Every structure is written in structure tokens, then in C-alpha cells.
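Just the one chain here, the form predicted on its own, laid out as C-alpha cells.
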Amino acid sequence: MRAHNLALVLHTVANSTSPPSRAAVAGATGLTRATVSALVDDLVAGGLLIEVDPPPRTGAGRPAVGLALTSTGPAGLGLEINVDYLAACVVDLTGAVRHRHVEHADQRPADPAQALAALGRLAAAARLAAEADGLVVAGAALAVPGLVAGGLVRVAPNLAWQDVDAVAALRAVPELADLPVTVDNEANLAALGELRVTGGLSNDRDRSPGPTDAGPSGNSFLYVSGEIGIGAGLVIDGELYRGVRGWSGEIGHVTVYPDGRPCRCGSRGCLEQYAGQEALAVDEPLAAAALGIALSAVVNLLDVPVIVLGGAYAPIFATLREGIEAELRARVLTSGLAPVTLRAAALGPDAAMRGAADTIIRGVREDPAAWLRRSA
């Protein structure tokens, strides 16, 4: 019960529009003031909450002290390895990015051990920088462009990885040996990062309402990550859909042109051969058309109301948009009834590592009792 109540109080403070008082938290949660006061004391002592000055009060009586998430407590370390870069960032409990570093280099010539060792050095430097700011890194999460199961990167075609234990490789770095480390698909983590920041909401100014359009479901969307490979994360009613084996979202290997260009996966005509970052640099109109064909199939099958373009697509969204929307209008059966909302990712190319860091922060927020035990 105490663990549940700690999470309830922390959640209430985190989601308040202004710093609430203990009395306001008690009113919002239904807990007694004495219980809330004791729980808040524990959360303050554990470095999860801070007391802040109350706003000016015009009425009688002393204004109550407010509560807010601390920016100097636990933090999440988000890591990403992709075909042409390595990245690391540190995000504090409030969601603010405290450190960020991207190292551009082609990872295809490196074997998994070399690539992960280089990422480990980047991660160690990020952790040291965070600790110098008074933060405590609660854990690390790694985003990879491949299929992940049981903590293993089962296959990452564009890196030529198969059955790689990325977690063990990172924890072999001395500065990371004591950290909990997880690994997940980069598009899934990017979708979670986008969900955290925007809730998946569309910009109404970008919409073309149809005759019976009641507006998209704000927290259901398809996130498409455009890098050298292409992945997707599907969020339905605020929850990431992973598929039965956790391998959903491989939109880059949807066939858009049968008997087309050969793909690294062994098939032909895959989307990423026409709309991946390397193909995009050669022929943007063809990339937009290919994306539109693949996305139309997804919408027809799953009735997704919002499509978010991230990674390399986000900065050039304006140039891709017309070609994609033309295909959506021509190919989606319900386009005249409820047009799909297409928008650029709010987090741009940082979405995967931001989403990775956020999984650590979310874990602390959802189970503060475990963090208090760990930090005691």
C-alpha cells in the first residue's frame, strides 16, 4: 500500500500544472493530510521531490509551500547506436535533457564488440558529466535498429548483427558495470519519447477535415523513423503495440515495388531501398511516393489516425509531405471520410535516445518505493 501511495503522490505532483501543496495533493488523491505529509517527507528525503516557494496570495492566511519534481535527483541515460552514428543523452526527473552528445561515424565496418565499446565510452562520459551536475544515473537504455528479444539483438540487417548481447557488452565497461541496462528497438523507443512529449496529438492547423471527421485519437499514432533503415512504432490508446513476439513495426521491409531493388534483408523492393536515408539523398520525390504507398497500406489495415515522421524525415518534412499525402489520398479507402494527419516528430532525430532515457525515468516515477530502497 505504501508503494502504491508513494507512486500516487509522485504522479500527482508530476502532472500538476503548478506546484501543488500537501493539502492540494491530499485533495486530489483522497489520502489524508497526515499520510500525504509523511509520504512527501520520504520523497523529499529520497531526492525525488523538492519544496518550492508558493505563489503570491492575495487572500488571508499564509500561502502553502508547493511541491515539484527535483532536477538534481535520479536521471536516465539514453543511448543509441545506428548505422551512421552513436548517441548518448542524460534526462533528469523533470524530463529536461542535461547532456547530449552525438558521434557521427559509419558503424557498418565495425563488428558489434567495437561499436558497443565505442558507445560504452560515450555512455561513461555522459554518466560522469551527469554526476558532476549532482545527478544520479538510475539506469541506461539502448536503442538499436533491429529486432530485440530476451535482451538480445536478434538481427539488425543494416549493421549485419545477429544474436548480439548488447547489454553484456555495455556492462563490461567499468563505469557502467553497476547500472541496470536494457535494450529495445529504436523506433519503439522513439515512439515512446514522442508520446511523452506530445501525447501523439496532431496540430489542428495541419489538418484537412473531412465530412465526418471527428478528429484523431490523440494518443494513437504511427511513428516512422527514417534513417538508413526505416522502422516504425505503433502506439494505440497510449500504449506501445509490440506484437506477439515484440517484433512489430518493421515497415522498412514492407514491399513497395515487387521485384524491385535487392535489400540487405534478402528480399526485394523493400521500402527502405527507396525511402531510407541513402535513397532519400538521391531521389526525394520517389522516396515520398514510396513512403505514401507503404503508409497507405498501414492505414488501410490498422485505421491509424496520425502518422509522425521522425529521424531524417523530420527536418525535411515540408518537402516530403505533398508526395506522401497524394498517395494517402489516392490509396486510403477512408481518405474522404477521415483524412490521416501527417506531421513531423517533435523530438526530431533525438527521439530514440530521448525515449530510451525516458524509460528509465518512467520506471522511477512508477515505482518510487524501489528507488528509495535502492538509494537508502
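C-alpha atoms forming the largest set that superposes within 1.5 Å between two forms make up the rigid core. So that there is no doubt, residue numbering starts at 1 and follows the sequence shown. Everything quoted here is computed from the prediction, not taken from an experiment.
Keep in mind that the form predicted in complex with another copy of the chain is not shown, yet the notes after this line are about it.
- Heavy atoms within 4.5 Å of another copy of the chain in the predicted complex are found in exactly one of 131-139, 228-236, 77-85, 110-118, that being 228-236.
- Here is the short version: of L147, L159, A166, L195, the single residue with a heavy atom within 4.5 Å of another copy of the chain in the predicted complex is L147.
- For the candidate set L93, V304, A126, A287, a heavy atom within 4.5 Å of another copy of the chain in the predicted complex is found for exactly one residue, namely V304.
- Residue contact check for G243: one or more of its heavy atoms lie within 4.5 Å of another copy of the chain in the predicted complex.
- When contacts are judged by a 4.5 Å heavy atom cut-off, V254 counts as touching another copy of the chain in the predicted complex.
- Using a 4.5 Å cutoff between non-hydrogen atoms, G276 does not count as a contact of another copy of the chain in the predicted complex.
- At a distance threshold of 4.5 angstroms between non-hydrogen atoms, H104 is out of contact with another copy of the chain in the predicted complex.
- Contact residues in stretch 319-337 (any heavy atom within 4.5 Å of another copy of the chain, taken in the predicted complex) are A330, R331, L333, T334, L337.
- Core-superposed comparison between this form and the one not shown: the Cα of R261 travels 2 Å or more.
- G146 is not among the residues whose C-alpha shifts by 2 Å or more between this form and the one not shown once the rigid core is aligned; its shift stays under 2 Å.
- Cα of H11 to Cα of I236: at least 3 Å shorter in the predicted complex than in the shown structure.
- Between V83 and I293, the C-alpha separation grows by 3 Å or more in the predicted complex, relative to the conformation displayed.
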